[in-house]
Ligand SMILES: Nc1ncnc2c1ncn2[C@@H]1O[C@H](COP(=O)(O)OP(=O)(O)OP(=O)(O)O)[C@@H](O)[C@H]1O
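Below you'll find only one chain, the form predicted on its own, shown as structure tokens.
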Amino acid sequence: MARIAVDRVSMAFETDNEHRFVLKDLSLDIADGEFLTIVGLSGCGKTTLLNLIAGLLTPTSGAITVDGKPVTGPGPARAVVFQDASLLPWRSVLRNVELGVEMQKRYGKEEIRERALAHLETVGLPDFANAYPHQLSGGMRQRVNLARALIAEPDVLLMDEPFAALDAHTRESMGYELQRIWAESRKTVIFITHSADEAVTLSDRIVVMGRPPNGIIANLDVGLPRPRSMEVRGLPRFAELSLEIRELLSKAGARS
């Protein structure tokens, strides 16, 4: 059984008194522990799909299940990491991470503190527990954002272009850091990006989406060795996959 199953899902929004379909009859299975990346042009429905899996939206038709259970709303088993870290400026780094489980009433204060410190260690920020968001770089804020998502021990990590606002060097560094965390935890990850190179670097499998409501136009197995070091990025297979993704997106854009 797939960990996540998207079964003939359609999603329409009301615009000018008519239904505009962003997704139509889309089906997709994601395996337990798989790192799946979704790539597509702006407006293709990839963020809508992520929000449907997160339970932040309800599909117009079709069904989404996680471990065989229907998704009817948000839940602690699915954590979302958005492009904007959205840290609370009046709370320290440690207190921002604690917020990830504070509202759930699952742990006592001491255990929350211990877990928050452990996850700051995981993302490489153990020395910044008492710092405030304005004292951090963009990459550091996203590390805090990731720690806040991980503290709840979700089975599924949903990431919507989390590194898009970072400079190239920091973005690459965060990609390697995410690879390390995923290799240790083997969580199921769905990652959205516009970058073909980032998709190939991170993923087990890449889904390419066309213009709405076309849905999936390609399903690509990466098949490159891990960890994806600079040496792996220099392999012919890496360049071939990256080029194939760019060509698919170019053709999809030309048909719009």
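The numbering used is simple: start at 1 and walk along the sequence shown. None of these values were measured; they are calculated from a predicted model.
The form predicted in complex with this ligand exists for this protein as well; it is not shown, and the discussion that follows is about that form.
In summary, among the residues 22, 248, 241, 9, the only one with a non-hydrogen atom within 4.5 Å of this ligand in the predicted complex is 22. Just one of 220, 41, 31, 216 comes within 4.5 Å of this ligand in the predicted complex, counting any heavy atom, and that one is 41.
Within 4.5 Å of this ligand in the predicted complex, a heavy atom is found for every one of 15, 47 and 161. This ligand in the predicted complex is approached by residue 194, whose closest heavy atom lies within 4.5 angstroms of it. Per the 4.5 Å heavy atom criterion, this ligand in the predicted complex is contacted by stretch 47 to 55, the sole one of 61 to 69, 200 to 208, 222 to 230, 47 to 55. If you take 132 to 147 and check each residue for a heavy atom within 4.5 Å of this ligand in the predicted complex, you get nothing at all.
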